[in-house]
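Taking the form predicted on its own, here's one chain by itself in structure tokens.
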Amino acid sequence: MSLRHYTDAFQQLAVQLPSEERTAREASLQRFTQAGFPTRKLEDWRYTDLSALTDQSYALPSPATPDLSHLHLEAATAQIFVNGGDGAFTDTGREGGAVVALNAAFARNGLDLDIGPGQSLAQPLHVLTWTGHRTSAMTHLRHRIRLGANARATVIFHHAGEGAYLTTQVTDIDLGPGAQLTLYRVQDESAGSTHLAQSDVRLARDSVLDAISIDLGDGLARHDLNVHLDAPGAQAGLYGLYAPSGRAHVDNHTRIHHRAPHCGSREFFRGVVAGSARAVFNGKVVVHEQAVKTDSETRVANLLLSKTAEVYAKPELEIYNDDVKCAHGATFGQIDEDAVYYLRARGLEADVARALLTQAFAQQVIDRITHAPLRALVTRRFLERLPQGAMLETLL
């Protein structure tokens, strides 16, 4: 295993850093090089292969000024990070695996949002991260969100780019008592990209998280979402749509830890997998001994649009007390040909009928996007992946 080029890239970065920060980052780099990228020998990485990253050479990115007007969202405040931005980041001591350590060694400061008690954002915050370079490049961002007691916020993370690149995104979120966060994540990276992300959320008493994740990218993407319900009354809703096509690969791993009594969680993901794409979903709920009166449900449903599409989905429950209400399930299938026949009998062409049924399957997640411009963007991008999707868009 050779990670020499990551060490070489760090040496280029190190000359720009103060000595104290350089020392902290070197420790993170050492943790990464000792561990290496996760391999398929690990159960959590069984279906996602990062071996190509070991010998791949990625350069530090250079400044760029791309035209991103097509990604603009109305009724939202934009904060844009192109090629990793230029902010510094000094808090590199955070625990985590090899990917988090790699991020800590190179990360720039991304979103840093702190909402005081009782305060609210006037409109959603659109955080757009875009990566593009003439040669293969890597970008690494670290984000923080802090909501005080009874604060309210809507944050949209939107990841896009062009060309071949590696990006890591680590997000740290704390919700105070009674706080409410609506968190959207739209992953729409390019075909040559590798997107590795981890989000950690901690919920205090009576706080509420609604997290909606949309994966439409054409490269390799992995997101680890860890949610900790740390105090009574905390509630988390995790919803997702993944729609890889071509040879794309998308992997969602969620972990919900119920650590306190009277908490609830709902998890609902839908997958639409086409071409020779592969999708992975693993949703684990851990109910700790003291978390009595837990109410939790996890459901994942998958629609396979081709014979070469692959889905590996596994909801899990790990329960350490018997005063709970928990359920989980997974389904896999293809388009109902009887339904196609019904629509064809009413004048629709076969491809349009299948596109309509596919869109209806995905719409149950898309409808959870309450921000209308974002919902329109996601709907358009999803329909672009379907035969006759453009025609269907004119009908909706």
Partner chain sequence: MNMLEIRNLHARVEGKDILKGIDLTIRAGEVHAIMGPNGSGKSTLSNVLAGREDYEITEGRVTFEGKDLLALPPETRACEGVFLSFQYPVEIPGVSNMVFLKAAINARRKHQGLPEIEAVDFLAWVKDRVKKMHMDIKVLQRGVNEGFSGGEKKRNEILQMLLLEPRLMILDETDSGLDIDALKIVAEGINTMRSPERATLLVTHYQRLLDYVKPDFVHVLAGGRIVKSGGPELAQELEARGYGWLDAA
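Quick caveat: nothing in here was measured; it's all calculated off a predicted structure. Numbering follows the first chain given and starts at 1.
Note that the form predicted in complex with its partner chain isn't included here; everything after this is about it.
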Which pick from Ser57, Gln30, Ser51, Gln364 sits with a heavy atom within 4.5 Å of its partner chain in the predicted complex?
Gln364
Answer with one of Leu68, Leu343, Ala35, Ala64: the residue that has a non-hydrogen atom within 4.5 Å of its partner chain in the predicted complex.
Leu343
Flag Leu348 as yes or no: does it have a non-hydrogen atom within 4.5 angstroms of any non-hydrogen atom of its partner chain in the predicted complex?
yes
Given that its partner chain is not shown alongside this chain, does Leu356 nevertheless sit within 4.5 Å of it in the predicted complex, heavy atom to heavy atom?
yes
So, Leu42 and its partner chain: in the predicted complex, are they within 4.5 Å at any heavy atom pair?
no
Who in 322 to 340 is close to its partner chain in the predicted complex, meaning a heavy atom within 4.5 Å?
Asp338, Ala339
